[in-house]
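Next come structure tokens for two forms of one protein chain, structure 1 first, structure 2 second.
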Structure 1
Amino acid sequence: MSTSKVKVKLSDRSYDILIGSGLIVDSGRLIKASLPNASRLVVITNDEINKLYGRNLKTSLKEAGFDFAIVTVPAGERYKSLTSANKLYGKLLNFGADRETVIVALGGGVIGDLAGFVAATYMRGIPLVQIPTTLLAQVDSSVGGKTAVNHRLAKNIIGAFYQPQLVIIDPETLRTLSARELRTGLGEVVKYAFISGDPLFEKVKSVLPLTDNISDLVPIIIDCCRFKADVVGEDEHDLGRRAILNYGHTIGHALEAVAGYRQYNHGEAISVGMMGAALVARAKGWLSEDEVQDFKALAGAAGLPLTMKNIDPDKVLEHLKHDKKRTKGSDNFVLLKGRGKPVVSSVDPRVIKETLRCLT
């Protein structure tokens, strides 16, 4: 497979997203080409990912002449915390990391968010390279520079906008994912299918349910990255259009928090959130019943949930007050006025409450 390149163009600089089979074994050379003055790296990952890819990454970094350390954190959303970040600061200090030391995030969305947050805040910012190994991270969280840790009351509420210097995506890593890990990535893929419009919708529809042919996902990964790169380039700091990338996330993030980041993974929660957003849009007269059924069919083909199980809807409602899109006491949702037509709109609290009831 040849390497595809997507460029994120920001107001002050740009960076590349490289997508191709086997890129992890070439990552040292790619990092050196992007950051020619870099000589020291700290790789942040978890034990499972390190067992799968650590050896190849080490070899590649050694061949490129880097001095490096690999540090691990426990796997799981609940470890994306200030406590974990503080432990990583200690590892960086013990390594003697300075402002020219590069952090490499090797893993899924949790590792990418946590390592990105640490890179953004250690010495007020040191270089960051993302090597996402899950579908969710490859199509979404590794791109765009949103870094964060969780608080017990809300997900991703403590963070910073901090762009990587480079993103290296090796689709071969998807072969090691469990069915559930693939599903959580498909939650974000389905999101892009609905907010971007018919071309990606039809492309995603054509590959679901998934087969064992991972190469079917590569064009979709590229398209999702291109769409997000365009949105981020227009609105890096989430002051306008970038909010559309949070389709399904209003209810989804609240559901994750209420479930203690254990019962639902991110893509599953976002799927329920998109179902809720579809119901709200239908109540506003913006989506037809056929369009709601289109979402149900695509999410169903991806194996994603559409309802909340054993969750108190009133607790989800309470958590919505921590949503970052909330302004002046108004509950704002990303909604669709048709496929490919996302908008941010305030929603009557009574409609939200009824919608949450419908999701149980």
Structure 2
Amino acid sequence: MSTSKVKVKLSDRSYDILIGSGLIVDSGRLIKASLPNASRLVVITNDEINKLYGRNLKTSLKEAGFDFAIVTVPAGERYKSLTSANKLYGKLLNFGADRETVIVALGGGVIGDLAGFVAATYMRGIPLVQIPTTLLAQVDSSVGGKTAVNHRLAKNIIGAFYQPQLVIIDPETLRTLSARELRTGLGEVVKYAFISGDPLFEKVKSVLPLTDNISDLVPIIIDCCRFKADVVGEDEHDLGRRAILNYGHTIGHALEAVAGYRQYNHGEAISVGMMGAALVARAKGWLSEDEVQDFKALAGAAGLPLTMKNIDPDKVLEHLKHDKKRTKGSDNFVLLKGRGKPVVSSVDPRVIKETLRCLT
């Protein structure tokens, strides 16, 4: 089995992202090689993922000689909460976790964000390893150190920048993912295709619509991780260039919230958001009609939505205004001046209103 390595180079240290089919069964050895002093681990996962991958991970950790516990939370975004974090702190204390104990996050973005937050805050920070099992987590959320839990009033509002020591990506885990969860990951993949430029765009285009052959995705996962590693290395704390990773997210986040986080999952909502951003860029004369059509074709081939169904555009607009207040009035639209040329730009409120109307 071949393993690819992508390095995330931060100002004070670096860490590896290892990508290869079947890596879960080798994860004990890989963790030992990256964290030679580690002997005790707590794996945080959910019940669904534990049933699928817990046994393989357990065998591998035993073989590597680790003393470990596997703790689970129920599956679902609503468990990405301070309540869950608090229960996990209790489990860590019962295990006798100290500052050398490693947290291993086995799961999608919900588990990665929650376990990452717990690792960042328990004893003011203990080592973290991410083993992402959804496409969204493999191309985006497990890399870059954004950890968070939700508040009743706002998603991802309580969190910390806290980088893992190692990310282990086993694309084989994508075989058990539902078609919808695979699609939400493709939303992020399409985002990378447009913000990074033609080479990735062509690669993604060549594998969509997806066949059952998950291995088609491996070079794409590697490229997405490379691109994200580069951006995070340059702007770890999201003060500048990292904003480009939020392409499609301004309208996307508002749509997710207005639709109550049910009708649209994250990737679906950002697909609609990228459609909105493409329309705004076309109105500014930055994207050609052909480039807008390229986006529609790629998102369509991924099975992603391009419009908001049964959603009042005025409610989305209200949400955007509310968000703008929270970010102290900053103009946070990421737009393209051509494929691979993302910029952060202000947008005339009348154009936003008209764009939202066009998306219905």
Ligand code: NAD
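Basically, rigid core = biggest C-alpha set you can superpose within 1.5 Å across the two forms. Reference numbering: structure 1, starting with residue 1. Remember, predicted model here, so these are calculated numbers, not experimental data.
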Look at both copies of the chain and name the one that is the form predicted in complex with the named molecule.
2
Is the shift of Arg262 between the two structures large enough to count as movement, that is, does its C-alpha move by 2 Å or more after the core is superposed?
yes
Answer yes if the Cα of Arg226 shifts by 2 angstroms or more between the two structures on a rigid-core superposition, and no otherwise.
no
Leu10: CA shift of at least 2 Å between the two structures after core fit?
no
